[in-house]
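Below you'll find only one chain, the form predicted on its own, shown as structure tokens.
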Amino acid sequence: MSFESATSPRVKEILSWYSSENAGVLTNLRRLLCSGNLAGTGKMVILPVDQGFEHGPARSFAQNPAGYDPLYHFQLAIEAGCNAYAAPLGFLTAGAAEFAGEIPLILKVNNSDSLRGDPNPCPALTSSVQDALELGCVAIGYTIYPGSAQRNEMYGILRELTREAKDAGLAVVVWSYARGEELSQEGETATDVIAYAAHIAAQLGAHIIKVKPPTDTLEVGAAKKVYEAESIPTATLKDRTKHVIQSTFNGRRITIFSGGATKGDAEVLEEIRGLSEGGSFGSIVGRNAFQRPKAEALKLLADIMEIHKSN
């Protein structure tokens, strides 16, 4: 599908929600929405490969050794018809010239490693808006950890980067993952926490928000009282997803959900169905794609795209 023909009424509607942005930002959002097999649907599937930095190379790529090669991920994302490929500086630098213009790129500008456990993490700034421009990216990606004792530092850095990115015409994608010593492990994906994390990202100026699928639990006592008093439904993934989408300016911000830890095809697709039925704008699927043999990854990504297209 051509760039022009993919600009459907749905894409125009979504872009209207960002009418205060400059032409460069709107152009790059349009490129994301009008690329790949989901072009024009208002949905997107993105391949993110920052796990090597975050978890280590063996944990990330030993299951499918082709993944040690950064060019493999460009090829996988392009062949699958993804809307975009997101990665840290090193992986993008290795292939951006060879695959220039073949797929929209998102530079993940902050990252952290897992060699030291930290109950209140704060990722390091590992690249810049200028790097993203030189690589031909359409957007930068940045992780915040609502709930961390260092969250205010992350919010401040994000606001500065967002201003710089928007001035340069780049879109901003925010990974909003609640973590911190005040949260239980189960609470990191509680419905109230995921909705709150998504809302924070929207308030900080994110164009696209990435969160984890919400689980059927509530973490914060004060919030739980409201959920119960107002009878906010959380029993099904569809219900929980609808609430998260509602929390991002009543659905006026593109919100996509992560694929999470590696699991079987049936489990992945069941989760995608619930998210899609709840109004998810798409998926950002990493390990569940690149840790599979290529043929299996392409089949799974095609099935995920078909689910989103049907909703």
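For every residue, the number given is its place in the sequence shown, counted from 1. Small disclaimer: the values here were computed from a predicted structure and weren't measured.
Not pictured, yet referred to below: the form predicted together with a small molecule.
Visitor: Is it the case that Asn64, even though its partner is missing from this view, gets within 4.5 Å of the small molecule in the model of the complex, heavy atoms only?
Guide: No.
Visitor: Would Glu54 count as touching the small molecule in the model of the complex under a 4.5 Å heavy atom rule?
Guide: Judged by the heavy-atom cut-off of 4.5 Å, Glu54 is in contact with the small molecule in the model of the complex.
Visitor: State yes or no: in the model of the complex, is some non-hydrogen atom of His199 no more than 4.5 angstroms from a non-hydrogen atom of the small molecule?
Guide: His199: no contact with the small molecule in the model of the complex.
Visitor: When the contact criterion is heavy atoms within 4.5 Å, does Trp175 count as touching the small molecule in the model of the complex?
Guide: It does: once the small molecule is placed as it appears in the model of the complex, Trp175 has a heavy atom within 4.5 Å of it.
Visitor: Which single stretch, out of 134 to 142, 76 to 84, 175 to 183, 235 to 243, brings residue heavy atoms within 4.5 Å of the small molecule in the model of the complex?
Guide: Checking each option against the 4.5 Å cut-off leaves 175 to 183.
Visitor: Would the small molecule be touched by all three of Lys212, Gly260 and Ile284 in the model of the complex, meaning a heavy atom each within 4.5 Å?
Guide: Heavy-atom distance to the small molecule in the model of the complex: all three under 4.5 Å.
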